[in-house]
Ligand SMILES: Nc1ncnc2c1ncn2[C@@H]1O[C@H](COP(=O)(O)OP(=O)(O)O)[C@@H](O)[C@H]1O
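Quick setup: one chain, the form predicted on its own, written in structure tokens, and binding and motion questions come after.
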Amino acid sequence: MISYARQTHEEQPDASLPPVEEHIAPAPRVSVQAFCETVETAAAVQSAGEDRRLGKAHLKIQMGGMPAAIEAYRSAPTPNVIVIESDGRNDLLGGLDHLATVCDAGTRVVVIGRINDVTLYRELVRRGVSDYVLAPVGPIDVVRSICNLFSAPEAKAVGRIIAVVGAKGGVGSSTISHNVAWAIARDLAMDAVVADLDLAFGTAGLDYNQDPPQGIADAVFSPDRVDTAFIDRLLSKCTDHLSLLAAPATLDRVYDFGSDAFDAVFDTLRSTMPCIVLDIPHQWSGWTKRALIGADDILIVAAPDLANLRNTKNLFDLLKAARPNDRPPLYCLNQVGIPKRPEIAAAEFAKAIESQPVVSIPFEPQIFGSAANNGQMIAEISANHKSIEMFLQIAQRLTGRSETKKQKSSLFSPLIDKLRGK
């Protein structure tokens, strides 16, 4: 018997990129078999299988449509998900009835068809079809359909992972990531966690004035113990909405990891936190590449010089090729306007990257240095500093949220604002 999972049918645009606000949660480790009738659909499914959100799924594609599926499962167990392309109406319903006799319990079925008819859709739902997607389909339509099967409406939303990386060492990517996370938590009122992935030299603990006895190293070196309760014990609370998974910042051991070393940590954080900000160190290894490609949104922090331009361009090209169904990475320019330093203008930088920077943050060593030495965010040092608005702008672009938390006003608000300014 085919399992029932109700989905809302909408006509999808052809091969379009997801809108800014759309967030598709990754699929778990499942087996998916697709039976296509056209080469175009087979190609779309093949491209979908290369998407990061189906990275854990095992996908197999065959031609032949419904008859091939029925024949295949006469003597073989069915996978977690079956994707079937069908052109006909009568053959489709009859074929589904036949498929149900050879289909294992719990298998979910996605149908790709060309008939846009609500009566047909109701018949499909009555037969337990999980989703009906209107052809022609693009890779993102297939990704969305399969991933949504495992994101129940009543379940807690799966967290969005934001990766922040520097195009070059010393460009201030950690400072930017920590202040952006602060804006996400304070101004957008989202529960967020900062994961400091620079285990040897991480600065998140210093920037947030935290010195927790445990942190992310305890999770990475004990992958068998990683679960929600274990991660919760490792988190250090910075504010009501912001937590920290700190790096040990010690050199008593060597931090050599395999490419999947952080997978369990990221998966657990996704299940408990709406927003996860990864502070990724400037190094190139299997796990840093995997963390960047697997993130929902990426921010590259660059200084306006030639080496940063080259590295930003290389990162852009690699990430756009590896994430064809995602938004391109964002980037910002930092430390702009250092006295007597020759710089590449923002317009020239944007022309080479073929993308405009989100913001250009000026070089202000006095306030940024004071914040770093005091273990504070820029908003705590100067409530009206112009960079605070830039951090909020980055936060809004990365999260897809435009609304900010409205502060409750009172008779004493003007006086309180003046005191905060001082």
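All residue numbers are counted from 1 along the displayed sequence. Just so we're clear, the structure is a prediction, and the values are computed from it rather than from any experiment.
This next part talks about the form predicted together with the ligand, which is not shown.
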Assert contact_stretch over 316-324, 184-192, 168-176, 67-75 against the ligand in the predicted complex, heavy atom within 4.5 Å, equals 168-176
Review point. Would Gly375 show up as a contact with the ligand in the predicted complex if we use heavy atoms at 4.5 Å?
Key: no
Query raised in the report: Can Pro365 be called a contact residue for the ligand in the predicted complex at 4.5 Å between heavy atoms?
Result: yes
According to a 4.5 angstroms non-hydrogen atom cut-off, is Asn80 in contact with the ligand in the predicted complex?
-> no
Mark Gln335 yes when one of its heavy atoms lies within 4.5 Å of a heavy atom of the ligand in the predicted complex, and no otherwise. yes
Contact with the ligand in the predicted complex, heavy atom within 4.5 Å, among Ile394, Ile361, Ala27, Val32 goes to Ile361
